[in-house]
Every structure is written in C-alpha cells, then in structure tokens.
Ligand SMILES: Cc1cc2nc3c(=O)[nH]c(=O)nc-3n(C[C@H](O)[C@H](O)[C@H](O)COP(=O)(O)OP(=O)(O)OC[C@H]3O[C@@H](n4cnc5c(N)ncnc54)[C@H](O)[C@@H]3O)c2cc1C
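Quick setup: one chain, the form predicted on its own, written in structure tokens, and binding and motion questions come after.
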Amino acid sequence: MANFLDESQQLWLDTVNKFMDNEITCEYIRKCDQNRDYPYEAYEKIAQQGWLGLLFSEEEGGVGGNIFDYVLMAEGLGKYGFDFAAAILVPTFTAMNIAKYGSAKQKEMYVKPFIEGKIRFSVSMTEPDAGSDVFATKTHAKKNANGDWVVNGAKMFCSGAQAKDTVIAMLVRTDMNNKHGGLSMLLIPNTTPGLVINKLPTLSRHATGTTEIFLDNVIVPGDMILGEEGQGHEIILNHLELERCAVAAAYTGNAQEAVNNANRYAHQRTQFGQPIFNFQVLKHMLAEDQTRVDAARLLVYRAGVMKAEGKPAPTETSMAKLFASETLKQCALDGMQILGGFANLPEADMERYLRESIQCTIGGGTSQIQRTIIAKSLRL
C-alpha cells in the first residue's frame, strides 16, 4: 500500500511476494490442492530461508523480527491461497506459545528443531460439541500413578495434525469440576500410541488438511503440559490474538490476488467488440473490491502495529479478521462472476480461492464470534 510502509518494510513484503512467485509458484499450490498433498517441499524451502524463526529472538536461534514483520510475511504467503499460508502460520502459533509458556526442557526439545524445519506443530481446540464455546471441552486428561497424563476424548478440525513430524498442542480438561479454570494444554506428538488421526475430505484445506482425532488412553509424559495446569484458556486467548492478526493478513494477500486475477481477465476478455472491463457494471465491481481489500489491509496493519508495540488488541484483531475474511469471500465470489464459466476450472484458481474463503469466515473464530467480541468493546 503506497506510502504506508517504510522502505525496509516494503522491501520485506516484496521479497516474500517474489519468493512466492519464483520459488513456490501458484502452479505448485494448485497441484497440492488438486492432489490433497501437504506442501512439504515448500515448507522446507521456507525453513531454509530462516523465516520460521522470524518471531524468535536471536538467542533462541531466530532473527528477532516483530509481529508486524510477521504480518507482512503472512500477507505474502497467502497470495495464492490461504490453505498454503496455513501450513506455515499454524505451526508458528504453537511454537510461539512454547517460547512464551514452555519449560526449559520443552524449549530445548522443540524450538530449534522447529526453526530448522525438522518438526511442525498443530493446535487442537475444537470438539464435536465444543467449537466457539471452548469451555464445553470434554476431552479429559487425568494423572496416573506414574505422574503421566492419560487422555481420552475426541477432537475435530485440527489443521495439519496428520503431517509428518507434527506435535499437537491440545486443549484438554484436567479438572472436571472447574468449567472455566479446568483447561490445560498438552504437547502430544502425532505418533503417540492410542492416537487416531483421520484427514477429512473437506471443501477447503485440501493440502494442509484438517482432521478428526480420537484419543483412547493416550499416555503423555507429565512434564509435557504447556504452562501450568489450568492455564489452557489463557494460552488459547493469547494464541488467538496472534493467529487472527496473521490469518487476516493472509486473507488480504489472497483477496488482492483474486482482484488482480479478475482485473487481468476483464482486460483480456472481449465481448460485443470490446474488453469486458469497459462495461461499467464490472468496473464498479472491481472498484468496490479493491476498496474492500485496501480497507482490510489497513485494519490488518493497525492490528499488527499494535501487537508489535506490545499493546493488547483483541478488538482490533477481531475487526481485521472479520473484515479480511468477508472481503476475501466477496472478492472471490465477484471473481467467479467476472471470469464466468472459466472460473470453474482449477487452472483459473478462483474456484479454489472461493472454497478457501468459506473456511476463512469460520476457522480461528467465526465472523459471528468476531462481531460479538467487537460488540463487547462498545459497552458503555
């Protein structure tokens, strides 16, 4: 966005965009979507760039960037579809939770291997009967005689949990008598015995994947609780602020590409003796979509700056997440209309953007939940 970013920030965003164009490519992302293949090759390329360590301090082996740097990276990563961006962003959210709440042992086990791209993370909150209401969590963990956790229950829609070398940060109930304070977070490798993970054939998330998980007397070492017992809800709240800020940036990057794609087609497609861009109805549609994208980007940047400055921004991140996700959905829907029949072909990418946009208004907190959070800030 002209004049908003300083020279170094614009250079960083340009670097990520060029890397997506030249090293990852839209064709690769499309192929992963069509084949429902996890983007291991691209994940490795990004790890080699050191970008997985962007938010970690130099002492931890990272590069010492801030959340606004991360927002710009997320915007670039989301360019050709949020599903791909999710493969990079989702593991980072949990990695940052370990950096903030983890024990010395947990940091030693997981931080450096994550930065090097050797392991991934997934986060598991949702259950068949617990989505927006995390306090309805029923998956439970009890200590056995050896001091280990014994976990039983079922989880749903856990993104990337099936990918190789993945550790799941799972929200569980450790106190059955304390609804609000009885939630904790456990770190569970996805190869742990008693854990059954099934990738779901969903409309979106073809590549990164989203899963159902069943736990039957899964044994987790007692020291693999993240933070303190009963601290699960606090960890999730902090997690969601970073997540919503980053995913909103990725939505915006993809929405911009949807508009660009539709605009290119409108200038190339000829009907009634002229490019269809010349028809006012399409000009106005594209003008409105570009205005929405710019507004979404400004909301995202505001939230990113606040988080980078260490300020709490629950309302601002919810505004960014709400508006950016709904903007992506509208821009992809308009793109389908402008591209016409061609839009239904995978090679046009627009149908993928539309499919993924539907999930974007649900995952990480639905648009309705975001409006509820925003409304709370309006109370006198």
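None of these values were measured; they are calculated from a predicted model. Start at 1 with the first residue shown and count on from there.
One more form of this protein, predicted in complex with the named molecule, exists but is not displayed; see below.
- Only one segment in the set 219-227, 199-207, 67-75, 288-296 has any non-hydrogen atom within 4.5 angstroms of the named molecule in the model of the complex, and it is 199-207.
- The contact residue chosen from 98, 141, 88, 125 relative to the named molecule in the model of the complex is 125, the criterion being a non-hydrogen atom within 4.5 angstroms.
- Only one of the listed residues (113, 131, 102, 153) places a non-hydrogen atom within 4.5 angstroms of the named molecule in the model of the complex, and that residue is 131.
- Of the heavy atoms in residue 15, none are within 4.5 Å of the named molecule in the model of the complex.
- Residue contact with the named molecule in the model of the complex: residue 368 places a heavy atom within 4.5 Å of it.
- Although the partner is absent here, residue 261 sits far enough away that none of its heavy atoms falls within 4.5 Å of the named molecule in the model of the complex.
- For residue 137, no non-hydrogen atom is located within 4.5 Å of the named molecule in the model of the complex, even though that partner is not displayed.
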